[in-house]
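Two versions of one and the same chain are coming, encoded as structure tokens; call them structure 1 and structure 2.
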Structure 1
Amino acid sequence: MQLARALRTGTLNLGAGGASLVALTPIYLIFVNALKTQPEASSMGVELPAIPQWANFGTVIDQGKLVSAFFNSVLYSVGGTVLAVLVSAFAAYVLARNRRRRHQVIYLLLIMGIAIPTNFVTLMKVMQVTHLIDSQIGMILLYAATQIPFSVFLIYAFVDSLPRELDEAAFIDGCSPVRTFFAVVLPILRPVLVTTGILSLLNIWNEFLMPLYFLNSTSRWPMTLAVYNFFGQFASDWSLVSADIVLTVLPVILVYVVAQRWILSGVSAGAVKG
């Protein structure tokens, strides 16, 4: 019995180690090649640099317009996250408190957005008609729309677990539905709202296709598109490309490391309550 348990534990640990190795290998390659010279990084090898080229990061910041790209990413991520979380919280509250058939249909249509891929042809036509192409407000609206399905799905289960007596007591005290939501329900939703906000922030920061299709001006590019500043028609400097990628993913890593406690607690609370 103990031998079988030891074998099972060893197999699981070996599988986890292999999965970790597969996940960490691209990260290692990017970090290592970001410190190499252009000739050394041309092959994107796994060997360490002869002399670490820390100046690559300064070159990327100066030549790649990363300062403006960073603030664009912050604007899109924070704006899209705040809008998505607020709209999703409103929608989840209304749909969870009204169990009529039409509300259930609306809920199912919303969460279908988690699995259905984006139709960029139709979306491009909508953006053209609304004159939102190559605009920051258009990108914020797009990012928020992409995060609403999963956010509603996550918040809905949490709201559904809250006793309706809370709403009824607020109504008896003279609160309107809107005031009940903000004064009574919203403070209780804080754990799941924080989790939803962090996950949305990370997803928006890492998004690549949306700005590629809908932003023409380089001055409005987020950090994920700034890497194109180091691709040429006939040659590319992979050391600077790698340095740019490192600076792009570094904020995401820091946010996740700092906020993982809230992510896990919010997901666990939603799972238990749901």
Structure 2
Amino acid sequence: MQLARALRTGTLNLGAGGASLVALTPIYLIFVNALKTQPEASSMGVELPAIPQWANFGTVIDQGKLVSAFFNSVLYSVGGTVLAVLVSAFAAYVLARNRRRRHQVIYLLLIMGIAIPTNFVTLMKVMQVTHLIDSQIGMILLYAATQIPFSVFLIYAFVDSLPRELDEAAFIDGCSPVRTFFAVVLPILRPVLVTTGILSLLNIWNEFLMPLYFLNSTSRWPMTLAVYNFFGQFASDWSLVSADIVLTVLPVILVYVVAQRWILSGVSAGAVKG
């Protein structure tokens, strides 16, 4: 009995370990090859470097113009996220509390973006007419807009689970709707705001099509587009490409390690009602 149990646990661990290994190997490859010389990295192999080439990072920061790209990425993801989360919370709050026909229509229009694809061609027209092409403000507004549908969806479900009395009491005590929202509602929404905020932050950081379409000036490019361009230029030099990728994904992995709990709960929150 004891043996059978040990055997079962062993098999389960082996299976799970195998799956984790498959998930990790490509990521390991990037990190280990980032520290190799160009000839060593030519096959993107699993071997460790003879001497770690820390200078690779300096080289890519210089040649890949990564300093400005890093600050652009921070600007777009933080700016887009703050804007998206704030306006989404504003909207989700009143839409979850009012259930008239017109509110349901607005809610539907807002979350439609989860399913329908962006029409990039006509979006370009919109960006031109509003003079938001090749502009950092344009990127922030655009990214915020792309993150609103799912954010509204998550926050709406959370507001829905809160008792009405909370905000009604504040309102009856004489708080204006805006004051009620900021002083009473927003603090209670904190857990869901953190979750949506982190998901949105990662989404924007990882995205590269919007800048590819709508940013011409290299000085406004985010990290992902810098990597894309760098890969085009140095496709044969896997050590530098890997070093460039490491610098791009390191912030993502750090955020993931720290905020894993919120990310995983946010991912399943939309799909599973527990």
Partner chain sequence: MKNAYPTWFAGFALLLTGVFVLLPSVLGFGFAFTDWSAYSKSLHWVGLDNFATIFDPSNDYIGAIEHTALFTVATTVLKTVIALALAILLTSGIRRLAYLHRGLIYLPAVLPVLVVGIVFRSILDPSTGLLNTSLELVGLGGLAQHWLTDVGLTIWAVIGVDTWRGVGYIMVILIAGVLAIPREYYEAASIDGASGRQAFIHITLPLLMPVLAVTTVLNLLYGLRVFDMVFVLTNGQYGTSTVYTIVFDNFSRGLYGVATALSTLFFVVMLVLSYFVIRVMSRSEAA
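The term rigid core refers to the most C-alpha atoms you can superpose between the two forms while keeping them within 1.5 Å. Computed from a predicted structure; not experimentally measured. Structure 1 provides the reference sequence; residues are numbered from 1 along it.
Structure 1 or 2: which one is the form predicted together with the partner chain? The form predicted together with the partner chain is shown as structure 2.
Per-residue C-alpha change between structure 1 and structure 2, Thr224, threshold 2 Å, rigid core fit: No, the C-alpha position differs by under 2 Å between structure 1 and structure 2.
Is it true that Ala23 shifts between structure 1 and structure 2 by 2 Å or more at the Cα, once the core is aligned? Yes, its C-alpha moves 2 Å or more.
Would you say Leu254 moves its Cα by 2 Å or more between structure 1 and structure 2, aligning on the core? No; Leu254 is a residue whose C-alpha shifts by less than 2 Å between structure 1 and structure 2 when the cores are overlaid.
Superposing on the core, what C-alpha displacement does Ala50 show between structure 1 and structure 2, in angstrom? Value for Ala50 between structure 1 and structure 2: 5.9 Å of C-alpha shift.
Fit the two forms on their core, then tell me the C-alpha shift of Arg8 between structure 1 and structure 2 in angstrom. A shift of 9.8 Å.
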